[in-house]
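Listed next as structure tokens is one chain, alone, in the form predicted on its own.
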Amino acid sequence: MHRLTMLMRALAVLTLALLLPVLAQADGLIAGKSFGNDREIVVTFKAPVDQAVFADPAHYLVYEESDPDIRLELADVRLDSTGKIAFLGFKEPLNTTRPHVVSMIDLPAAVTGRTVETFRVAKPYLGYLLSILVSALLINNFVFTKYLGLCVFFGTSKRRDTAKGMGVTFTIVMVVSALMSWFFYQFVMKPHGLDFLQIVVFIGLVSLTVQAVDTILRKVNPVLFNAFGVYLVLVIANCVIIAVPLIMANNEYNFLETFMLALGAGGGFLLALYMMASVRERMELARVPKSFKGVPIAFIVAGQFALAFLGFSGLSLF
């Protein structure tokens, strides 16, 4: 038994010794990789490489990590003057929010130590989380770009105090219900094939959260509770609240990504309410034509805000 153990250890050491040079050469080939623009991946080598090999698109296979059967078509591959940086250009825009896998095939083994080199290209995860937050907050604001929740938006944006209270309430309900929805979706609905019940289950979880907020608010701040009136009940089936868990399920977000989405959507709704309430308070002192007073001028102002938020379209921070 002792001899068998010693033999196995010797084989393990020998195997490791044989693999180390190959692994060292492979690790020494790639110094860095990242996305360039929306149609480009930039690969940095630790040493100059052969132009004839590494500038040939036929030596590259690229696909999204979640869809390995769909190969992305390269337009060209360019090397810089030093021969250490390769720019992989693609015919179609890349979905840079998802990790991509790049395989370099038919490489000269004498140079690289192996004929195939595979590596993963992805944005920094913290930047990805922040991009979800900023997207829901500004770029894809649920009120001004998706036009969701307009009934509550116009009903509670007459005073800044009410707008702040409703915005904070919306954010709390959105975050809590989204995290509960994620838990039920991942551990109850998906394992048992109940995806078709998404809307029913999500509405139930939202109503449970709203009922808890209603009870707490009634005891803690009766003035704010009375100011909300019927609009607090409308939160239960509000499309802004329901949109978050549906987007989470559609994009298969994890816990942190769902939290950032809900926080961004709630913050975006709070921002929209507060901006609208600030303008509507000032409009009470403005000389608005009689036919435009009330809801008509509110729709015009909301349209102007929506036009302003279009300026965030296509913004990419990470």
Partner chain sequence: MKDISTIIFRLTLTCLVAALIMGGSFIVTNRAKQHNQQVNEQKVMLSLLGYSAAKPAPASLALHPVYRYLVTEQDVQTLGYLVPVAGGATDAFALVTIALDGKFVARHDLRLAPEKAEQAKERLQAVQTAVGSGKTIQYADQTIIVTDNGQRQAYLLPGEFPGFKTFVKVILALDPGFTVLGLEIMEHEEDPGLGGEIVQDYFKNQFRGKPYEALKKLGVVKEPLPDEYRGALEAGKTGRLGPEEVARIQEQYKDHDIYALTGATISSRSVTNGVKGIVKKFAYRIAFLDRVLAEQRIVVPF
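Positions refer to the first chain, counted from 1. Because the structure is predicted, anything quoted here is derived from the model rather than measured.
What comes next is about the form predicted in complex with the partner chain, which is not displayed.
Under a 4.5 angstroms non-hydrogen atom cutoff, the partner chain in the predicted complex has Val200 among its neighbouring residues. Within this chain, Pro124 is remote from the site of the partner chain in the predicted complex, having no heavy atom within 4.5 Å. In the predicted complex, at least one heavy atom of Asn95 sits within 4.5 Å of a heavy atom of the partner chain. The partner chain is not drawn, but in the predicted complex it has no heavy atom within 4.5 Å of Gly32. Among Asp56, Glu40, Glu64, Glu257, the residue placing a heavy atom within 4.5 Å of the partner chain in the predicted complex is Glu64. With the partner chain left out of view, the stretch that reaches within 4.5 Å of it through heavy atoms in the predicted complex is, among 124-132, 85-93, 175-183, 214-222, 85-93.
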